[in-house]
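Take a look at this single chain in structure tokens; it is the form predicted alone.
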Amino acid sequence: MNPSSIQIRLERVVALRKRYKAIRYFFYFILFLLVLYSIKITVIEDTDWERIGGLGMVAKAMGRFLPPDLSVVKYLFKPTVETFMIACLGTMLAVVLSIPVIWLGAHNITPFFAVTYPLGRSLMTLSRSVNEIVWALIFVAAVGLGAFPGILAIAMRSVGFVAKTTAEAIEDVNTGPIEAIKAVGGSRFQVIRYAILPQILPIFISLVIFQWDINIRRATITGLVGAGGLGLTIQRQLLMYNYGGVTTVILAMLVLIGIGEVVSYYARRAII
């Protein structure tokens, strides 16, 4: 190859890189303009700045939440335990419900790909697309107030995450053990039991612990729509305009979430 052809190829490569660089910066510029437009529409134009007032009014409004009303503490033990149990039972129910969804939604183990794979993926998407507050509203309307709709809401919200991540882990497993078991005449169940399950079990357990940690936070929120726990308590304090009591309940939420963080950390270290 003569030097002139090498020079021509280098010039083409440099020109191509410059073109890609220009296109990339153009998309960055468009994205920046979209962000500015979003801020203008959602923050500047859609905010009632007259109602907010100045910093003094904001500080005065925030000051209503201080100091915490410690007289509420004696009423927080039961809602705190209830919130913790909603997270635990909701996570356990999500694990049970996610198993068939995982089986349907992993393309290398789904029984009838054309039918069951789209069904499994649709269930995952439905679970993840609907917020836990919406699930809680649905189940409160269906079964009434209390912890039970909170458990159902937490479970339905968690199925999608656990099932999707586990199904993708199953799709990425090492195929060597699978082929070996099939070669000696192993059944589909034996392939799943002895080739796939040992590979994805640590991932699945880690996901469940992580989801339980998240569900403690979710359980404190679903109560705002009547699904029990600390959320229901904070709603009652708001209805009574006891802003100091609201602060006390929020502090109880932070303590519970902190306990969940510690427990999940040591649980992952002990099990995984």
Partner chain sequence: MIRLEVKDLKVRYNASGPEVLKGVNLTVEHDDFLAIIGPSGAGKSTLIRCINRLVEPTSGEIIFEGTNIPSVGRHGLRKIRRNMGMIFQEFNLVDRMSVMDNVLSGRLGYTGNLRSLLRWYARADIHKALEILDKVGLSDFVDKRADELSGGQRQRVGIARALIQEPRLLLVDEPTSSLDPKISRDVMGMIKTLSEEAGVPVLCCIHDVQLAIDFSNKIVGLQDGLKVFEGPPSRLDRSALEEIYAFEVL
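Residue numbers count along the first chain shown, from 1. Predicted model, so just to flag it, every value in this text is computed and none were measured.
Same protein, other form: the form predicted in complex with its partner chain, not shown, and the subject of what follows.
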(message) Between 169, 181, 156, 123, only one gets a heavy atom within 4.5 angstroms of its partner chain in the model of the complex; which residue is that?
(response) 181
(request) Just give me the single entry in 118, 100, 177, 146 that has a non-hydrogen atom within 4.5 angstroms of its partner chain in the model of the complex. (result) 177
(request) Would you check, heavy atoms only and a 4.5 Å threshold, whether residue 71 touches its partner chain in the model of the complex? (result) no
(message) Residue-level question: is residue 194 within 4.5 Å of its partner chain in the model of the complex, judged on heavy atoms?
(response) yes
(request) Using a 4.5 Å heavy atom cut-off, state whether residue 113 contacts its partner chain in the model of the complex. (result) no
(message) My question is simply whether residue 78 lines the interface with its partner chain in the model of the complex - judged by any non-hydrogen atom within 4.5 Å.
(response) no
(request) Would you mind picking out the stretch of 169-177, 100-108, 84-92, 133-141 that comes within 4.5 angstroms of its partner chain in the model of the complex, counting non-hydrogen atoms? (result) 169-177
(request) Sequence order please: the residues of 62-100 with a heavy atom within 4.5 Å of its partner chain in the model of the complex. (result) none
